[in-house]
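A single chain, nothing else alongside it, follows as structure tokens in the form predicted alone.
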């Protein structure tokens, strides 16, 4: 990108000659699009430390009112931060307020019940949460690695487990003959290498893929919207899909299934965050600007197919994946990018303040 171009901080978006474009808007115009810079603190910071970090960021961003800021502490820090970011207090102390939003990192799709460890959308709304992140890559792709699901499946392909299972099934009335035949086939001595290889393959595959399904994410989206929470809907491809040029195919599935049943009039309450998994984490690099442009245009065109051009122009699409102070301005020059979902850099007050202040003088 041309570094001499100053990225717009408030803008309109329109589609001309089959291309999306930004045009500048006056600050305060209610019809203008405001960038959204959201910090996802993940499993970091106790409540008091979270407030201290937020206070330092606000101090570095005094009187910055032309963009929206979001803060997503762990569940334990939500109430404490909610008390601190009361709009009238922020206006008096920092000259900001109505553009600061409290985010939850996840929610559950049921309102109550025997779901130990889960938090419902109405519980979040009751303590002042404004928006909730749903479908984050940590939850889409990484859960199996930590919860042991993959190794549990692999153990079920051991000879001892299958032998025990075969005996148990033979004691049932009318057992499934196809299942019995499959187990008996796998237990034959000449197939021992196949059985061991299958167990190893499945464990590796589930480690890579086990996580929240598109169906579960869709239910969470509806639960959040029905309780008055705005949604930050995350989508993105893993390294394998990226290498096999299946990015658009995967994204279309995630978006169509994740937003299924979301009405057109509700879409202004949805923000989409594109986060390629291969560009996230220590040692990774941000996606190239050209790819970010192509993917954001693809998502916006898909939204146009689903909801019409007006909604597609208005819905904010963020980028997430190694967003830093030195690359945010270039990203914001792109017509399809409306902000960022920031991980590690949001834990550093100076870095996140620089991201929030993109395009402004130091």
Ligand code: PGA
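Residue numbers count along the first chain shown, from 1. Quantities reported herein were computed from a predicted structural model and do not represent experimental measurements.
Beyond what is shown, the protein has a form predicted in complex with the named molecule; the following relates to that form.
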{"property": "is_contact(residue 42, the named molecule) in the model of the complex, heavy atom dist at most 4.5 Å", "result": "yes"}
{"property": "Residue 237, heavy atom within 4.5 angstroms of the named molecule in the model of the complex", "result": "no"}
{"property": "Touches the named molecule in the model of the complex: residue 281 (any heavy atom, 4.5 Å)", "result": "yes"}
{"property": "Non-hydrogen atom contact residue 70 with the named molecule in the model of the complex at 4.5 angstroms", "result": "no"}
{"property": "Of 336, 35, 50, 321, the one that lies within 4.5 Å of the named molecule in the model of the complex (heavy atoms)", "result": "321"}
{"property": "Contact stretch among 55 to 63, 309 to 317, 322 to 330, 289 to 297 - heavy atom within 4.5 Å of the named molecule in the model of the complex", "result": "322 to 330"}
{"property": "Residues of 330 to 362 having any heavy atom within 4.5 Å of the named molecule in the model of the complex, listed in sequence order", "result": "341, 342, 343, 344"}
